[in-house]
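In the block that follows, a single chain appears as structure tokens, in the form predicted alone.
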């Protein structure tokens, strides 16, 4: 029996020794093989590099896979060891990704349009029962908002200034002056209005804005506008809410929490250029946050959440004190680029050189040989690309200060095919008329537009006076949706589908009556006026080039935000100016006069009567003379009663 136990223990000891030997052998042979493979690869790459001559000709931007291979080869040439770069197959790849881009477009007026794009993708499900607890690149504050309020899509923007379409062209992502918020909720939300109210209060705290003033009086439920930009063909618009605050002022306290949502903050990458004193000194400034679900591949087998943070700014040539048409990163932002965000998989700077193919309009320094083409807003644009993930981009000084110097003032900007204006007509403080002008500058094609107007309740619309005219003739809308307002409860909502004839101006007019508010409903500066939000115009505009429908093609972020529905058209959304309307305002000095008069009457009349009724009167004898007082003193000394 003892011998049997000894034999069992012997066999176990032998098996254990063999297993340890095999594991040790594997750990010893694997790095050696990888190292030899890396050496061979380095030798081949070095030979290829030596054989290729150095050329200064421009080259087109490669795809993402080729760029990654080039980066790996460059790392091997620099002597990076293979065991440090090889990732074991057992380690799971991160499910999130971060990209950053800056697009600079020189305008014909001498101004500069700068557009920042930051995109974070995360393959996760915020709607599952066990809440997401680990966040790497995606901001936790927004992830909790999506999970708690069952948000399908969220779009919020803060804008200071008005985008001048006829001078600057179409922006990459439009936004109205003030604050704009529109949200699609999941079908599981039972009380949309209560969830919407709570969501606005939470977002007000996150972005340090006045979104808590959004209530039922400035919230509408569009029936045709603002379709989802992400996945899902939602037809039930009861889960959509839209609101604007046209008087919202954008300042540093809104920019700071916006920058904190970035993975690198404002410490590295393109975000170091976001200096508040420079951005808010520009002619136009807009910052936005867009959250939606997108496909990860062209077959859409897997989906992920996309957080896209955008910031657009236009730097005016005259307001900045420039004496000549010359711009640089330091003149625009008071800073230069020194590195990319370490957490970004892609960090690029694009310069629009479409109108400067041979360098006759302006000079770009330092020059780059990498070019890229993209169809942006129906026009094929050419860009010079600076890859910030490459050390050669920054040169020997480890700093990139891009310089744009104009050579000629000639050249014409491509006139936008669609733009709109709006103003208030009439006289007096009782009635008025709202005019909306929509311009179709296409020479031979007509296209429909969807117009959305949200008018506050204190402007009582006369909907029977609504008229739509094009080229002096009536233009009957093919679709009209109108919801009347209710005093102090909800605003007017008007949606119309109008066909714009080619090369025409379509005018939409409607009359209104001004309401008389209660004296407690007026703001502190009632004579300044009351703001009415911008009109929203959505349309599929005919494109100048055929849109590329292959979704797997690598494209810049600024060219892929709005989906393309047709090959010959592109989607565009524009906003008109906000309106400033005067309402009948009482003389607020009269209450002050009444209060002063009342206080005077109370103080003089009632005060005197109260004093007479409550005061006690006593009769005092006149003071005796000096001789009598001396006599009384002598009498007291003698013990005799005084006189």
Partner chain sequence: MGLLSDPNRRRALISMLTRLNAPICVVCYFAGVAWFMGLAFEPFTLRTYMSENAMGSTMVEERFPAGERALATGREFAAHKKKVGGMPVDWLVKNMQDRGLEVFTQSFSRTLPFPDENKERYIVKGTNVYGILRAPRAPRTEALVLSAPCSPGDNNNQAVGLLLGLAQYFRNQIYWAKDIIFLVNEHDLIGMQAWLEGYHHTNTTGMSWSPLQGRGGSIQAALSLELSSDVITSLDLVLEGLNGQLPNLDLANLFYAFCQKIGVLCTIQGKLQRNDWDSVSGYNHAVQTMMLMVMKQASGRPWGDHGLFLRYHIEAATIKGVNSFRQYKTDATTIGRLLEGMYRKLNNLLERLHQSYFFYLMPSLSHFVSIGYYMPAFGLLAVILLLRQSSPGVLSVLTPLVISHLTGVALYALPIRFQETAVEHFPVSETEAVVLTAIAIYTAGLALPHNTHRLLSGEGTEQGWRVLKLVAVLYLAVLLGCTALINFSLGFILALTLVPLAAFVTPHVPKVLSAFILVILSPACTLLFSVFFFQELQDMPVSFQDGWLLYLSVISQGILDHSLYGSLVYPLIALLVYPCWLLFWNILFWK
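Quick caveat: nothing in here was measured; it's all calculated off a predicted structure. Just so we're on the same page, rigid core means the largest C-alpha set that superposes within 1.5 Å between forms. Residue numbers count along the first chain shown, from 1.
Note that the form predicted in complex with its partner chain isn't included here; everything after this is about it.
- For the three residues 162, 531 and 611, a heavy atom within 4.5 Å of its partner chain turns up in the predicted complex in every case.
- Contact annotation for residue 239: none of its heavy atoms lies within 4.5 Å of its partner chain in the predicted complex.
- By the criterion of a heavy atom within 4.5 Å, residue 621 is excluded from the residues contacting its partner chain in the predicted complex.
- Taking the partner from the other structure, its partner chain in the predicted complex has a heavy atom within 4.5 Å of a heavy atom of residue 604.
- With a 4.5 Å cutoff on heavy atoms, residue 596 does not count as touching its partner chain in the predicted complex; it lies far away.
- Across the options 147-155, 163-171, 196-204, 299-307, residues that bring heavy atoms within 4.5 Å of its partner chain in the predicted complex belong to 163-171.
- The listed set 522, 439, 333, 394 contains one residue whose heavy atoms approach its partner chain in the predicted complex to within 4.5 Å, identified as 439.
- For the residues 406, 213, 280, 571, the 4.5 Å heavy atom test against its partner chain in the predicted complex is passed only by 280.
- Applying a 4.5 Å heavy atom cutoff to its partner chain in the predicted complex picks out 423, 425, 426, 427, 435, 439 from 423-461, in order along the sequence.
- With the core held fixed between the shown form and the other one, residue 609 has its Cα displaced by at least 2 Å.
- After superposing the rigid core, the C-alpha of residue 599 moves by 2 Å or more between the shown form and the other one.
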